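Single chain ahead, written as structure tokens, the form predicted alone.
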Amino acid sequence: MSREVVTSGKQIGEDQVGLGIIAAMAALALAAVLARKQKYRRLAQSSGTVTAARRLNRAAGTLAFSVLFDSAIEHYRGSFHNKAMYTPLVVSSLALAVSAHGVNDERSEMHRLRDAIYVAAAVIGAIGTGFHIYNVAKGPGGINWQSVFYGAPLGAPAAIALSGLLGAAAERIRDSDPHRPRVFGLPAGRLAAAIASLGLLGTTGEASLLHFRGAFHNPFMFLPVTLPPVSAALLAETALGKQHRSRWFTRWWLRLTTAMGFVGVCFHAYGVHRNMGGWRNWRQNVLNGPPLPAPPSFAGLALAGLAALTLVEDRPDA
């Protein structure tokens, strides 16, 4: 009898422990559900601005990717004779890393480290542009067609500056009022549209210069000098035009420009193939052929324009 009582008491104790564990697990699950609902409620309030910020992070990362590999190829061809030529590789790598982090970040608040890296990228890109202008100007005859054609590309460091500007704008959009997002006191969507518009014009200018050097021997070489200027004009209208209007054509054209930027890599790969030895002689032809990482810069700026449209269409006063 005593053994049965002990066994029964032990069973009751085990049942109580089991019920306690189940109750604890249920409490934790309920807390997790409530926390998740609170998170989604917070995200729902600022989903438009967070979505736009993540898209700007993606655009900044696309530009950083283009600069990273383009600078690596061009500066390797220059044998890194100036140690400062390693700087864009480091800066663009950091910008690419924090952009990837930002794309996956759903929080509606600024990330201080990301912002610091973006601001540093913008400043270093501006300094690098000055270096490239100086290198072109100190060549024989100063700034002329020959030096501009074959000297340091003026637009390359500007791309990392644009990446930094767009990334810094993304962080400030996260941290602003979701109903009236502002960056440096200006409407966030219109400012992002203006930055993307100016960036597309500058990138088109560099593509025009290099494709003119190539005598536009392939009719597809006219695409980077015709599609992006239209995108730039449409984004300028977005930045300066009326608030309450549909911009479906702008969105469609920006998507077309984005596709052109990525497809352009295939055209440049074909251009490398056309050189003597083709891809079997890739060590030489990648250095001397059309730059493979250059076209995605158009895609990055068009993606920034799409992010700007997200803000302007959802919040006309943004």
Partner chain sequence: MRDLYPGYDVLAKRHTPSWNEQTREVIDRRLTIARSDHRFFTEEEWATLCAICERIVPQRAEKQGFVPVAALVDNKLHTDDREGYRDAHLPKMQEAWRRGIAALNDEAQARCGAPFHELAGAEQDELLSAAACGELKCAGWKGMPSDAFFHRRVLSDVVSAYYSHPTAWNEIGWGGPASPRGYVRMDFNRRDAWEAAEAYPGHEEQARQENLRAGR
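Positions refer to the first chain, counted from 1. Note that the structure is predicted; figures quoted are calculated from it, not measured.
Below, we turn to the form predicted together with its partner chain, even though it does not appear here.
Peer 1: Let me know the one among R112, R180, H81, K242 whose heavy atoms come within 4.5 Å of its partner chain in the predicted complex, would you?
Peer 2: When its partner chain is considered in the predicted complex, the option within 4.5 Å is H81.
Peer 1: With its partner chain left out of view, choose which of Y76, F220, F131, Y86 has a non-hydrogen atom within 4.5 angstroms of it in the predicted complex.
Peer 2: If I apply the 4.5 Å criterion carefully, the residue I get is Y76.
Peer 1: N281 versus its partner chain, in the predicted complex: is there a non-hydrogen atom within 4.5 Å?
Peer 2: It does: once its partner chain is placed as it appears in the predicted complex, N281 has a heavy atom within 4.5 Å of it.
Peer 1: Using a 4.5 angstroms cut-off on non-hydrogen atoms, would C266 count as touching its partner chain in the predicted complex?
Peer 2: Flag for C266 set to no.
Peer 1: Using 4.5 Å between non-hydrogen atoms, is L287 touching its partner chain in the predicted complex?
Peer 2: Looking in the predicted complex, residue contacts with its partner chain include L287, since a heavy atom lies within 4.5 Å.
Peer 1: Going by heavy atoms, what in 154 to 193 lies within 4.5 angstroms of its partner chain in the predicted complex?
Peer 2: Heavy-atom contacts within 4.5 Å come from no residue here.
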